[in-house]
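In C-alpha cells, the next block holds one chain alone, the form predicted on its own.
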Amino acid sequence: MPVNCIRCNQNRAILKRPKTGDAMCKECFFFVFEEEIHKTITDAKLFKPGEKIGIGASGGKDSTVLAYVLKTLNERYNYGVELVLLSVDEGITGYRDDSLESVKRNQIEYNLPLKVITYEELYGWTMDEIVKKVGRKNNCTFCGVFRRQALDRGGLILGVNKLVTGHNADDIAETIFMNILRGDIGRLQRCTSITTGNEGAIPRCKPFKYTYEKEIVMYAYFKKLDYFSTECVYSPNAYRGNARMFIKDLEAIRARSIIDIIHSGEKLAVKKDAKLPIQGTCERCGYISSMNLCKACNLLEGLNKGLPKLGIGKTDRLRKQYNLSPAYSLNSSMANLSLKSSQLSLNSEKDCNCDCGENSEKSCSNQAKNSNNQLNNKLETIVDLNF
C-alpha cells in the first residue's frame, strides 16, 4: 500500500531516511536535508559575511554535494560569502585524474572558481611514485599528511578565510573510534570539533558533521549530481577501513549509533594532569606541528634519503645509526609556497666542502652520494625491520 510523505502528507513517499526512518517524498527530503545543514552552519556560526570560503573538492559524492548545497544556501539565506573550489591532485593515475574531470564539470555548472594544487609541485613526489617506494601498507599515512598540508597551502594561495570539507557524520564516528583504539588523547579531544585549526593558518569547518553518508548519497542520486564514485586504488589497505566496517555494522543494528558516538565523543573529558601535545610550528617549513619537525617534513626526509619508513615508526635508532640529521631544507614557510622538486633534493651538485673548491659551508655532494650508496646497499634489510 502506498505511503504518503510524513512531512507534507500529500505526495507519495519514495524514500526512507536512514537517519530517522521517516518516509518522505523527494521534495521534502531535499528541503529537510538542506535545512539541517543550514541549522548546523548557523548554530556553529561557521561563516561571516564577506568571507572567502574554500571548498575542498575531490570530485566525490561528499564534496560535490557540499559545493551544491553551500551554493544553494548561500543564495537562499544570503550568507554573503564568496565560494571557491580547491582540489588536490595527489598524482594517482586512473583515480585522481578522472575525479578531477568531475570537479572541472562542476566548476562550470556551479560557476565557481577552481584551483588545483599538486603533490608534485609541492613535494616533488606523486603518490604513484611514493607507493613504488613504500608499498601499499603505509601509503595512506603519506597521502593523509601531505593532503592536509596541501589544502592549507592551496588555501593560502587563494587567500581564503576558511576551508570547508565534506567530512560527514560517518567519517567523524570512524575517527573517534580510531583514536580510541590508538589511545590518541590529543586527537580524540579535537576530532569532534566542527571547526578545527584555529591555531593554524586557516580554520577548517565541517558543515556535514551531523549528516549521514547514506543521505548524502541519496541526495546526490535524486538531484542527479555529477560526481566520481570509484574508490581510491590505494585505500583498501587503509586502517580506517576496519573502523568503517565496524560503524556500518552498528548502523545496521541501530541507525542512531553514528550520532550517539559523535555525542559521546563531544562529552569525553580529559584529566587535567593528562599530558597533551603542545602545538607549535615546524622549524623547517613553518607548518603547525607538535614536534620540531612536522610529519610532512619527516616523511619527505625518509623518501629523499631512500628510507621511506623514516617518520612512520620509531626511527630514533635509525637516525643515530645512519647519521640521519636533517640535511636539506624545504626552503619555504607557509607564506612562501613556491616549493619545487629541485628544492627538495638532498644532494645538490653545488654542495661541497672537499677539495673540489666549492662552498665549504655546504655538504659535499660526492660524500653525500657515497653515503647514499652505502644506505641503498643496506636498504633492503632496513625496510623489513619492525619498529
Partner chain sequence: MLHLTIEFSGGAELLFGNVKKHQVELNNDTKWTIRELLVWIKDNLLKHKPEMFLQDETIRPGILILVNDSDWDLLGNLSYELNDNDNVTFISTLHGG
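It should be emphasised that the depicted structure is a prediction, and the values quoted were computed from it without experimental measurement. Residue numbers count along the first chain shown, from 1.
Keep in mind the form predicted together with its partner chain is missing from the figure; the text below concerns it.
- In the predicted bound form, none of the heavy atoms of residue 234 sits within 4.5 Å of a heavy atom of its partner chain.
- Remark: residue 146 does not count among the residues lining its partner chain in the predicted bound form, judged by a heavy atom distance of 4.5 Å or less.
- Of the heavy atoms in residue 230, some are within 4.5 Å of its partner chain in the predicted bound form.
- With a 4.5 Å cutoff on heavy atoms, residue 301 does not count as touching its partner chain in the predicted bound form; it lies far away.
- Exactly one of the stretches 74 to 82, 249 to 257, 150 to 158, 180 to 188 approaches its partner chain in the predicted bound form with heavy atoms within 4.5 Å, and it is 249 to 257.
- Contact annotation: of the candidates 245, 108, 278, 269, the single residue with a non-hydrogen atom within 4.5 angstroms of its partner chain in the predicted bound form is 245.
- The partner is absent here, but in the predicted bound form a heavy atom of 217, alone among 225, 114, 293, 217, sits within 4.5 Å of its partner chain.
- Taking its partner chain as positioned in the predicted bound form, the residues of 51 to 65 that bring a heavy atom within 4.5 Å of it are, in sequence order, 58, 60, 61.
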